[in-house]
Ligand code: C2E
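First, one chain by itself: the form predicted alone, in structure tokens.
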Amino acid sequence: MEKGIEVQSILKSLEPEEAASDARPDDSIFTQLLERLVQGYSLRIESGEDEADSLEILLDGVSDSVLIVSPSGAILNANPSFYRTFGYDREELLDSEIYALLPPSHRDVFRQKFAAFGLREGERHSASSDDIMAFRGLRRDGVTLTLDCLLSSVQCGGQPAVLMLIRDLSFDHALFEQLKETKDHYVALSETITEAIFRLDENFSIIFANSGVKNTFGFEREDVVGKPFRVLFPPEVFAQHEKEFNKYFFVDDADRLAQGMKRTLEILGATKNRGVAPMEMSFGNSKDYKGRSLTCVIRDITQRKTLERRLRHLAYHDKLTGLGNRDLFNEDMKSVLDRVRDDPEWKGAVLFLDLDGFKRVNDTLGHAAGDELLIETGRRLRVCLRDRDSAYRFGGDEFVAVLGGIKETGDAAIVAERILATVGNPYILRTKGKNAGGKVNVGVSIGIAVIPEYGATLEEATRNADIAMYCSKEAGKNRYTLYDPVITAKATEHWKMEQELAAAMTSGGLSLAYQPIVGPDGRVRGMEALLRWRRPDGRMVPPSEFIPLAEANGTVMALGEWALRKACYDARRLHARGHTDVFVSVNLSGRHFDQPNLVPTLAAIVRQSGLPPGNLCIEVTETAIMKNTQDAIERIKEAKRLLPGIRFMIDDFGTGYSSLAYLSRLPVDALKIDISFVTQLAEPQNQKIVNAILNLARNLQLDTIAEGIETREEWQYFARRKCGAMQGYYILRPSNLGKVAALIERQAREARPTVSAETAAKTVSDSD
């Protein structure tokens, strides 16, 4: 029995009310009739009294285009969807031929089909696959439509006709083109990026790769597509990160940080020709398309890592010698101390080194020669160490070595002896200039702190090695000293004082005391600024202790500038109170006079303070001036040129070996008679020297000041001999500025024009 189905039954199942509520999205009449076709059913509209109703439902109740044509191709009827699809009104197309809506290439095919259906007249026709046609239609506005057509033989008004069920594929085609364009854009975009872009499926197989894979890994895309992702990495590296990679399939970017996942991963990749190289990976969000997939971008960061290494080397190494700097020392020492905590039997050592005689090389041969010597010292130091040991330069001529894994303390001593011998060999300077090819000898003082015995922390190890080095300096230089708390107790105190003195300028431990300088009439003419230091424990340290310490460690320069600046500002405060004729004298060490920038520094301080140069007197020892007399003369002249009115005084005069010829040429203004002559005036020989100095000063038209006046007899002696000024405990002990100002103001109130020496002495001494 022939299988058949009435079109009416399908149409009724697609009545608008039901179709809207129950039908699947793709449940069109075209689809259902196509299904029947595939199943071998013949399609027909039964004639009868319900035909008109069936046609009305057929034409108006479905979304696909329905068209009934005669075997000759004349349009007999169509539904509204057909007219909307082709852009015509019903009146325009009814009774016209369908061929006008077809491109010429399609017309003959349809004529043959329609004619075949007409020849069958009323016989039933079982539809076949040949009755499904894909064709192009022409809209009224000229747009070409892509269509599917299902043909079936029907009776319409008792006459044979052809039923055409038409589905517009233009939307599907546009969607296809859009998807294709999107894919093309994606591929084009991925090709503009030099980094490698991959899409991975859930099995971590590569389903897409751009051409950047060649730049990054050296492979062609065809070499990796379809291959496991693991081929791009060393096996052990991929195994280490495989679980982490899998997380990116299921956790999207917005939640990754909360899950402790990184935005990017740094990993080693396996390239085709360059071996292993550092890579950086980043993942997109995973997507579902023919299965879940994940996009991954990988870039080669070899150049970046190289640059980072260079920057790190610059940050952690001394530019001159190439040795590690203090920052690298601190980092490495953390590892050393961690090793000590992990292995109580492990020992190490810190060696603190300071070159002996380097400053003399730098000052006499120049900085270029000094730099060459430092570079060679760094090289020699490395030669003396094992591969596991490290060398550093802290700055200047200070070097540090860290020894790891020594068996006993004697091992560190052996290394120190090797360094002493190596550094002690002559240096052949190759610097261009008159010193090229010359030999230079320097020594090295070494301090050793054994870890962890005397260096359980970074600070302790560094401090103890520094103290031990200080002991080597104190013991005569060019030797090594093992830190021992008993042996180095004195040096430890010395070292501690050095650290405290360096910090005193900013911590408030330094101050100035002032001792009045009075004339024979007892009036205050000026005051000498005397530096005082109170240690953090409250103990006052006498200048006889801390000045030599500052001279030895170089802080005397900073101390002198601090004292000069403070004294100028204090004198300016006295002037603001109306005492504009009072001067202040400040001592500068011989080290200051050795500095080429002495005069510019002096001028800058005086100008900034606002003190008139005529109210400042600089005291310099006789020894300092005679050390290099010609340089001293030039510097004093330059200072007087820049600061008109400033005065210079030779301190402690009479204790050195001044040449009268040089003294007559020195542009100084006063001589201060050394205190040793004052305190021993009872000896006739000293009286002769004092009288000779006073006569010499008068002949050279220089002012004189006698210091250390402690008794009435001493006062009377110098007053009777018309010494220009005096200072000492008999007049006033060194005091704060307020007490000196009070004395000056008290004298101003008394307003005595002249007084005898005895009365002046009593007046001054009563003020204490």
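Note that the structure is a prediction, hence the values are computed from the model and not measured. Just count from 1 along the sequence shown to find any residue number.
Here the subject shifts to the form predicted together with this ligand, a form of this protein not shown in this document.
- Here the chain stands by itself, but in the predicted complex one stretch of 725 to 733, 64 to 72, 738 to 746, 695 to 703, 725 to 733, has heavy atoms within 4.5 Å of this ligand.
- Using a 4.5 Å cutoff between non-hydrogen atoms, S589 counts as a contact of this ligand in the predicted complex.
- Although the partner is absent here, Q515 lies within 4.5 Å of this ligand in the predicted complex, judged by heavy atoms.
- Taking non-hydrogen atoms only, I675 approaches this ligand to within 4.5 angstroms in the predicted complex.
- Mapping the unseen interface onto this chain, D652 counts among the residues with a heavy atom inside 4.5 Å of this ligand in the predicted complex.
- The single contact residue among A416, L355, A563, V224, judged by any heavy atom lying within 4.5 Å of this ligand in the predicted complex, is A563.
- The contact with this ligand in the predicted complex, taken as any heavy atom within 4.5 Å, belongs to E528 out of E498, D570, E528, D397.
- Contacts between stretch 592 to 622 and this ligand, counted in the predicted complex as any heavy atom lying within 4.5 Å, involve E619 alone.
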